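The chain below stands alone and is given in structure tokens; this is the form predicted alone.
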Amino acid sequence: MKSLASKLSFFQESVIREMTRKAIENNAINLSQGMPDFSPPKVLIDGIKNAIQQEEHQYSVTYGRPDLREKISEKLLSYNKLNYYPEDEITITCGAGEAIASSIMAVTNPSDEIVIIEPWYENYVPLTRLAEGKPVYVQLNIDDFRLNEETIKESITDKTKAIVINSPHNPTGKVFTEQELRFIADLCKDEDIIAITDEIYEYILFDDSKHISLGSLEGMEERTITVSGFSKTFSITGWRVGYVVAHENLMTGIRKVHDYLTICAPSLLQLAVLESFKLGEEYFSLLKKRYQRNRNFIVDELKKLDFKIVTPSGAYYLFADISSFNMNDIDFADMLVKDKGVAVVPGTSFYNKNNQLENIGQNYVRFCFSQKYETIEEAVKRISNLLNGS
């Protein structure tokens, strides 16, 4: 029998989802996968009921409901300072993951280089490989997760096609500053590079952090592909409704890929998420307070247990240094998840495993704090007992 495609040898199935399976097998608390353990806003539940009553069961327009694209266009202008036309420049996708897949596949030719900030959310590299592009890894400064401008400059060649930026950042919780984003924007303009920005955590911000969309900066509107969605903001990760925004010249290609990947996002859920636009500023304020309370608690408690942590400024993850425990990330994660423990993600999942000289990821694990406060409390209690031998 003939073998599978050789490009599959460059990556494995999701370690994040693997840790969720281990959590289920061991009856552990799941702090590995970014999915809340509480219900979404009532208006969205009512939105599903309404969509069922309207018998919204067939395909939508491939690009997504026109009324949903119109609402997203209004939101983009008011919140992100992005001005895109709903008819030709916004596409509804099956989650942000499909939006990223469609974007990378639409712009990448074989051997094109895609710059990926390391650590990275785990689907960027496999998607680049599936598109037959070459990932080029650029590490954030490990002390504070800032961009290393010189390292990024050195990574650019005449084969560089795009750069992938994720802010707020998964797995570190880093929120890129205006200065950092302006550097990226200048680099893209000077070197004729496309920017693909993953902004799915755009509303989950802490302290004085502000979300800035790269595409809103001068000269970036026509060379930025912006990805976001409803999953994280409204705690509906299983609904799989995201969107991608780009100038018509780029969107033409993205829509071609999207059409053959998925046809359309779930029609019933597209109608239901329209209800989210009825939620006012109070909802977003409470969202931040909920997750900031979780963040403050888990950061303080893990520091007491000798984890080294750069406090996240956004999203609902923290990337914890475990070097003081004299265990690598795989062994540490396996130890934590066993027998009613806690599931976390090994740090090597977010790094280039072929870099044998400097495997930084083995010193880290990722915690997710998207759950109820009471769940986080119980998880910290279990971690403390495991580490202290209780």
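In case it trips you up, residue 1 is the first one in the sequence shown, and so on. Just so it is clear, the model here is predicted, and its values are computed rather than measured.
There is another form of this protein, the form predicted in complex with ligand GLN, and it is not shown here; the text below is about that form.
- By the 4.5 Å heavy atom rule, the three marked residues K232, Y317 and R366 all count as contacting ligand GLN in the predicted bound form.
- Mapping the unseen interface onto this chain, N328 falls outside it, with no heavy atom inside 4.5 Å of ligand GLN in the predicted bound form.
- Taking the partner from elsewhere, G34 is found to have a heavy atom lying within 4.5 Å of ligand GLN in the predicted bound form.
- Using a 4.5 Å cutoff between non-hydrogen atoms, N170 counts as a contact of ligand GLN in the predicted bound form.
- Residue contact with ligand GLN in the predicted bound form: Y201 places a heavy atom within 4.5 Å of it.
- Between 332 to 340, 61 to 69, 40 to 48, 25 to 33, the stretch whose residues reach within 4.5 angstroms of ligand GLN in the predicted bound form through a non-hydrogen atom is 25 to 33.
- Taking F206, Y121, F307, W239 one by one, only a single residue has any non-hydrogen atom within 4.5 Å of ligand GLN in the predicted bound form, and it is Y121.
- In the predicted bound form, I16, R17 are the residues of 11 to 30 with at least one heavy atom within 4.5 Å of ligand GLN, listed from first to last.
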